[in-house]
Ligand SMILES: Cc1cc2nc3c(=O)[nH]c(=O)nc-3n(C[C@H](O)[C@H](O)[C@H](O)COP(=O)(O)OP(=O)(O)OC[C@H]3O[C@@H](n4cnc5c(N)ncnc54)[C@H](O)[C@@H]3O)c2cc1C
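As structure tokens, one chain now follows by itself in the form predicted on its own.
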Amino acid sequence: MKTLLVGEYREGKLLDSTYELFGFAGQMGAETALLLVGSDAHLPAYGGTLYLADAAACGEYRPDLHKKLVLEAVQKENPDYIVFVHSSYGWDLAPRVAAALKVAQISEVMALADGGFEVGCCNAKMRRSVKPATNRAVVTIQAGAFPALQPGGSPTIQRLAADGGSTVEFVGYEAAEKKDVDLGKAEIIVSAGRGIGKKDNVSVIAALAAAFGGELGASRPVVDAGWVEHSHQVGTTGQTVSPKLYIACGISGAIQHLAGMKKSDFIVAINKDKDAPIGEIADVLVVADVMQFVPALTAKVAK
């Protein structure tokens, strides 16, 4: 089995998410080749074949030109799977490539399962296993779902160049709105979920976070309800975090939330439902009423 991995390059640098593609290929046991629109100044630590196009000539993102580059590499490599990260780059370019090749596309893969792929469904509250109905397929992988794997070595470079003009002009990047709190730098995060019951109870969770010297986090339903500001949201539509300690209070564990915090060193989940999905990744699952257990824990920590 062979994969063509399409890496990402932004503002002159290789993105670390590119190495998650190797983690995905490694779990599949697949051979790899890598395509990158970048520069010789920032090459990946990878000892295989690298199809390299010059970002200065092709733009860091011009979809019609980048599609031609991917198709040229596909013709040379004849891969079984063409794999992107499920990012703004990947989710825009992948369907263009799939349509051109007339093959299946599977979006935001979270895991491998029974010879197929696990993807979210029912607003990411459930998972289903799918398999492509074509011999070749285009796949995007959920950010953070697969471990970053740095193969090491120096690549064997094959140069690519896209002929012709482009109907799309790449203007640049717009900086994201500055966050009130940067959870990505926090060593301890205590997050509130819908299971805390009501907005007034957020202060109870915030008190536990303060007792630990950590930051307050929140799940999407809590933010959508207006209980907590969006800057505290953890998950694929919020911040991706990897603290030393993550305490989830009343959070059932929707796929989008788990993707944003499952790289935490140690996870404690407090939930009255012993079968809550978050229990599958938690190091410790406390089966208890959140609003009874958390104040008691805060009192102990504060001593």
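One rule holds for the numbers: they count along the sequence shown, beginning at 1. Definition used throughout: the rigid core is the maximal C-alpha set that superposes within 1.5 Å between two forms. Quantities reported herein were computed from a predicted structural model and do not represent experimental measurements.
One more form of this protein exists, namely the form predicted in complex with the named molecule; it is left out here, but the text below deals with it.
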- Message: Can you work out whether His257 and the named molecule are in contact in the predicted complex, taking contact to mean some heavy atom pair no more than 4.5 Å apart?
- Response: yes
- Message: With the partner left out here, check for me: in the predicted complex, does some heavy atom of Gln27 sit within 4.5 Å of the named molecule?
- Response: no
- Report yes if any heavy atom of Ala276 sits within 4.5 Å of a heavy atom of the named molecule in the predicted complex; otherwise report no. yes
- Item | 4.5 Å heavy atom contact, Lys244 and the named molecule in the predicted complex | no
- Among 143-151, 69-77, 217-225, 98-106, which stretch sits within 4.5 Å of the named molecule in the predicted complex, heavy atoms only? 217-225
- Message: Let me test this: is every residue among Trp91, Gly195 and Asn271 within 4.5 Å of the named molecule in the predicted complex, going by heavy atom positions?
- Response: yes
- Can you name the residues of 204-242 that have a heavy atom within 4.5 Å of the named molecule in the predicted complex? Ser219, Arg220, Pro221, Gln233, Val234, Gly235, Thr236, Thr237, Gly238
- Query: On a core-based superposition, does Tyr51 travel 2 Å or more at its Cα between the shown form and the other one?
  - Reply: no
- Task: Take the rigid core as the frame of reference and indicate whether the C-alpha of Gly250 shifts by 2 Å or more between the shown form and the other one.
- Result: yes
- Query: If you line up the core, does Pro63 shift 2 angstroms or more at its C-alpha between the shown form and the other one?
  - Reply: no
- Classify the change in Cα distance between Tyr89 and Gln256 in the predicted complex as closer or farther, relative to the shown form (magnitude of 3 Å or more). closer
- Item | CA-CA separation of Tyr89 and Pro221, closer or farther in the predicted complex than in the form shown [shift of 3 angstroms or more] | closer
